[in-house]
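Read the single chain below, which is given as structure tokens and is the form predicted alone.
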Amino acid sequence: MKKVAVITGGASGIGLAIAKRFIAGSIKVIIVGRDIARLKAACRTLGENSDFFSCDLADLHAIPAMVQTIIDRHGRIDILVNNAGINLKKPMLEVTDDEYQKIILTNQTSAFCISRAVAGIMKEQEEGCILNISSMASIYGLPNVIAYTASKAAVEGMTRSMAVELAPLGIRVNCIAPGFIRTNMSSVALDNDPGRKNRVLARTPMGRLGKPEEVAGAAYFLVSEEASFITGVVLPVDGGNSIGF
């Protein structure tokens, strides 16, 4: 039976790369996002083993209904990748309560909400994998991204707690912490700031930015049978940046 994976934020960047790798590994992929046009374009790229659902994950009440619709259409969910996220670059003293809560809601609370709904399905199946995507920001004291940093640190803590609680139900939970990965967003930011780019590369032992496909390869491993005895880990995919000096 072909496995079914749900990937939030799967229409672009790292999420789309993970979707492509899963499909190459004969996994049916459902991508979730807000932009219907982008979702449709991604599915045309992904091919017939893909589907999409438009959902604003910040609307927590919409998530259980979306999960049930996916089950009604596809019969099961074997893999959930919590990849969707937003950022806010702003000095801490200028961040409003509403701005802070919006980042936490989208990046962490919604991931909990969809994980809870999908874990209920996986419990009945007696198996499943949940993969969270955090960030190197969770371990660094990066300036001007206080809400994003807090949300990703929470995702990593949630990963460990979920892993322990869900393991008896046959559900594995892991996390990937990407470093500086070359996506459209990061390319614009770094190419427009050569000084920062040079600092990033100097701090990274491998001396380059990562590729979305390299994160996707790690994701595929963690949800595969090759990782059947791995749960609760946070895997850096960062070219050594987190240990660089």
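Because the structure is predicted, anything quoted here is derived from the model rather than measured. Counting begins at 1, following the sequence as shown.
Not pictured, yet referred to below: the form predicted in complex with a small molecule.
Proximity to the small molecule in the model of the complex holds for all of I14, T106 and K152, with the criterion being a heavy atom within 4.5 Å. Considering the small molecule in the model of the complex, the lone stretch of 31 to 39, 191 to 199, 216 to 224, 44 to 52 in range is 31 to 39 [heavy atom distance within 4.5 Å]. The small molecule is not drawn, but in the model of the complex it has a heavy atom within 4.5 Å of L57.
Using a 4.5 Å cutoff between non-hydrogen atoms, V67 does not count as a contact of the small molecule in the model of the complex.
Heavy atoms of G128 never reach within 4.5 Å of the small molecule in the model of the complex, leaving it off the interface. At least one heavy atom of T183 is located within 4.5 Å of the small molecule in the model of the complex.
None of A147, A84, I79, C175 but one reaches within 4.5 angstroms of the small molecule in the model of the complex through a heavy atom, and that residue is A84.
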